[in-house]
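Read the single chain below, which is given as structure tokens and is the form predicted on its own.
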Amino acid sequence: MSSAEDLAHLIAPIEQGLAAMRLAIDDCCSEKSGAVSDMTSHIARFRGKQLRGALVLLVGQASENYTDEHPQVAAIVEMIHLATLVHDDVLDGAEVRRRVACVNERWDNQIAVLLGDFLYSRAFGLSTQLRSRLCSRLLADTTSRLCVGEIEQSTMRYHFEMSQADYERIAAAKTGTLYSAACELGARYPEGDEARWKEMREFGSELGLAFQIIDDCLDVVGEEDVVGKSVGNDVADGKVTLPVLRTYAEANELTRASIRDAYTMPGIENRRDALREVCDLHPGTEYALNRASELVERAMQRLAQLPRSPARQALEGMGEFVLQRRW
């Protein structure tokens, strides 16, 4: 079974909720401006796995907290994620996402920044229409922490001796926070059991950090035609992720100098290829994958408090999907 088929099986319990979520996204992104409509139609092809929205719905069902507004909450989470993708592609200078041109590549950086802002404003506009203000408050804080994570990552470029703890703190902020919020909202919105939603918040945080670690591994050892988006952006942008940190820490000084050169020496057209030529990234990648496995195992243990159901079973499968994904 392919990864796409695995995911389709996992989200089967929430198909109706996902359909309602997608309708809410389409309604929220509709715009009379032909220019904006052209762009929102283009980025509709970026939606991909929609894991964060799916987690809102699955956790809502699994925690016996599902309401008629959960699809709208999931739509808001997904729109915020979509906005971050559009902005991230500008920051990374990416060219391809979901096998189509990024907004900054098809149009330009200015348009991409404005489109991301448009998506944020529509997402938070939708949140004000919900019966409870919890979603607005929680996602406002989440978006703030996500931005702080991105800013901190930018200030840590070329920091080859960064601690793993600092790497994980930044990665958790820029990726894990939205996973955490999705799971918390699923179990909490509008008034869930406190002990349960706190556990689900941690479940999402651990799953999200594992997702980011896998993503960082794919960026250095994955292939673009499989991953479906530009790879090598982290190296080109000076971001030192866990597989590289580990490789650097275990290398001799000569190899360390070569790694630094691959990142910084002028005139290198493909820095990821240069990096792969001067060091063996596989031990560092294996170390990072093992760390992701540890996080997923810890996250899975938090599901034991939930009653058995198809939704809980899907959440258990989601951990394995995150570890095995190659796209």
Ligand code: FPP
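A residue's number is simply how far along the shown sequence it sits, counting from 1. Everything numeric here is computed off the predicted structure, so don't read it as measured data.
The next section is about a form of this same protein that is not shown, the form predicted together with ligand FPP.
- Remark: of stretches 191-199, 250-258, 68-76, 207-215, the one touching ligand FPP in the predicted complex is 207-215 (heavy atom within 4.5 Å).
- Note on the partner interface in the predicted complex: the residue among V100, M156, V221, C147 having a heavy atom within 4.5 angstroms of ligand FPP is C147.
- Although the partner is absent from this view, D88 contacts ligand FPP in the predicted complex, with a non-hydrogen atom inside 4.5 angstroms.
- In the predicted complex, none of the heavy atoms of R122 sits within 4.5 Å of a heavy atom of ligand FPP.
- At the 4.5 Å threshold, heavy atoms of D92 reach ligand FPP in the predicted complex.
- Among residues of the shown chain, S180 is not one whose heavy atoms approach ligand FPP to within 4.5 Å in the predicted complex.
- Contact here is defined as any heavy atom lying within 4.5 Å of ligand FPP in the predicted complex, and by that definition not a single one of R22, Q50 and S127 is a contact residue.
- Although ligand FPP is not shown here, in the predicted complex the stretch 166-204 places heavy atoms of K174, T175 within 4.5 Å of it, in sequence order.
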